[in-house]
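Form predicted on its own, single chain, as structure tokens, below.
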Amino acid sequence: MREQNAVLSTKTQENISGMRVVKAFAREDYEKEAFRKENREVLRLNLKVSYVWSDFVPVLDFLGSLCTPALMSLGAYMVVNGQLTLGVLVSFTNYVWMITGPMRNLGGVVNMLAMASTSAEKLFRYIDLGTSIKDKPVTRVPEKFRGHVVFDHVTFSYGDGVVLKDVSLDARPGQTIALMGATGSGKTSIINLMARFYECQKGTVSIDGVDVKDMPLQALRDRIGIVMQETFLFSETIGNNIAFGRPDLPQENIEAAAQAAQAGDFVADLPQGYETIVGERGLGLSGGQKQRVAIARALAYDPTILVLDDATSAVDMETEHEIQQHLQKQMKDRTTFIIAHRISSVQKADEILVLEHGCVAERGTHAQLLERKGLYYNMYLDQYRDFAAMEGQVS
């Protein structure tokens, strides 16, 4: 019954979170029927529990209730015949009630043990599983975090599938490195390895000369600010979301980070400004607004290494240009990694890496890659072909 309740709760949570998707595909009837199916299974199991109780609870109650008149009858006979005193009979009567009470509670205990066993099985499985990435007994940190990131012939795979193969890069402090490539080419995996969400099988990932595997996780991630590909906001105020990494951040710093991310104007237009509750997962904001708040959160964190994972995919071109203009100032003293599909997002990077099937197929500046007329050049044509045709540059 507990396991089925978990299934029903999961189904309910998915339907509430994915309500717009369900409505967009007109699948309300299907999801309702799926919910009814799981709900009927919960009903069936609850009835089964009731049937089990009906088998032994009446028996226990009958036996417990039968003891009292049997004892009283026998005791009365023995008192009349002088074989027992009245005080002893009263004492034994109390003892009987002390025995029948636990007998009556036995059914509840059995039920609680069954529920506890089911829950404990899952709980201990997750506790035993733990985290696969832990701090080493002896760790070390760079003398000074400058943001010099080096990938030295790194290979990484999920199970049997190789995601990155013999990848090398050298991002010096203050440089901007752009990562481009088709979906699934391994762009986000590079960031995951740098922040040590995963660990590579071959090669090393180091920051300021120290292998990330030798660094404390807290110290490592405290210097990396990431704007995730899938924007997540807490059901909190906009101000608290921006200051999530630095809870003691002054209000003026929060507003400065919002302005740098081009979020200040729309926040100011909200009835409660920075005190506006965004709702679960940022439901009260548009996709572009959520991304701008996420960028502001990363900037407010004041990281040595800034990661923008497709951070402006949901904003319009004009807003993206304004964000980039402001980010240029923020990126001067930071090592920045930009993952993007738009050429406009990466063309000012110090080095652009084009990934294909987990390998670095091309690398260089925007101008250098255009001259080679390879993968990057084809991406450029795909995105600017119509504009170029209008200018007479492409037939």
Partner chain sequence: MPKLRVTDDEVLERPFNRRQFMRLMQYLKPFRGKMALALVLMVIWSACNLSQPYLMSLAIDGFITPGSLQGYGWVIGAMIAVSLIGAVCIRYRVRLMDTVGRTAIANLRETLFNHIQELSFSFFDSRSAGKIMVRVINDVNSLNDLFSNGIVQVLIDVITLVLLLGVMLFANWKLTLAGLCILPFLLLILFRLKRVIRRNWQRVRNKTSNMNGYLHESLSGMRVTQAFTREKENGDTFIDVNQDIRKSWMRAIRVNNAFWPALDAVSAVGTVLVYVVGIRVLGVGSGVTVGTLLMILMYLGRFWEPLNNLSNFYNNLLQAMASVERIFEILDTPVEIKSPPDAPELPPIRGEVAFDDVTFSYDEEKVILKNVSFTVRPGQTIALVGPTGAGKSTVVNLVSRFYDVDSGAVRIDGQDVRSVQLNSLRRQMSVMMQDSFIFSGTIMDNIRYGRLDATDQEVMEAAKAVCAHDFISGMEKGYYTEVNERGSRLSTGQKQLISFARALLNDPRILILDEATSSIDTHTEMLIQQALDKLLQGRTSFVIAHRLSTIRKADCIMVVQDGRIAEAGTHEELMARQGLYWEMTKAQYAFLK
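The shown structure was predicted, so the numbers you read here are calculated from the model rather than taken from an experiment. Numbering follows the first chain given and starts at 1. Rigid core (definition): largest C-alpha set, two forms, superposition within 1.5 Å.
The form predicted in complex with its partner chain exists for this protein as well; it is not shown, and the discussion that follows is about that form.
Contact annotation: E371 falls outside 4.5 Å of its partner chain in the model of the complex, judged by heavy atom distances. Residue contact check for Y384: one or more of its heavy atoms lie within 4.5 Å of its partner chain in the model of the complex.
When contacts are judged by a 4.5 Å heavy atom cut-off, I226 counts as touching its partner chain in the model of the complex. Among residues of the shown chain, E31 is one whose heavy atoms approach its partner chain to within 4.5 Å in the model of the complex. Note on the partner interface in the model of the complex: the residue among T118, T155, Q259, S286 having a heavy atom within 4.5 angstroms of its partner chain is S286. Only one of the listed residues (G245, G174, P142, G203) places a non-hydrogen atom within 4.5 angstroms of its partner chain in the model of the complex, and that residue is G245. Partner contacts here mean any heavy atom within 4.5 Å of its partner chain in the model of the complex, and among 134 to 142, 213 to 221, 166 to 174, 118 to 126 they occur only in 213 to 221. Shown without its partner, the chain has D160, G181, A182, T183 in segment 151 to 183 as residues with a non-hydrogen atom within 4.5 angstroms of its partner chain in the model of the complex. Relative to the superposed core, Q251 undergoes a Cα shift smaller than 2 Å between this form and the one not shown. Positional change of T100 between this form and the one not shown reaches 2 Å or more at the C-alpha, relative to the superposed core.
In a rigid-core overlay of the protein, G87 has its C-alpha displaced by at least 2 Å between this form and the one not shown.
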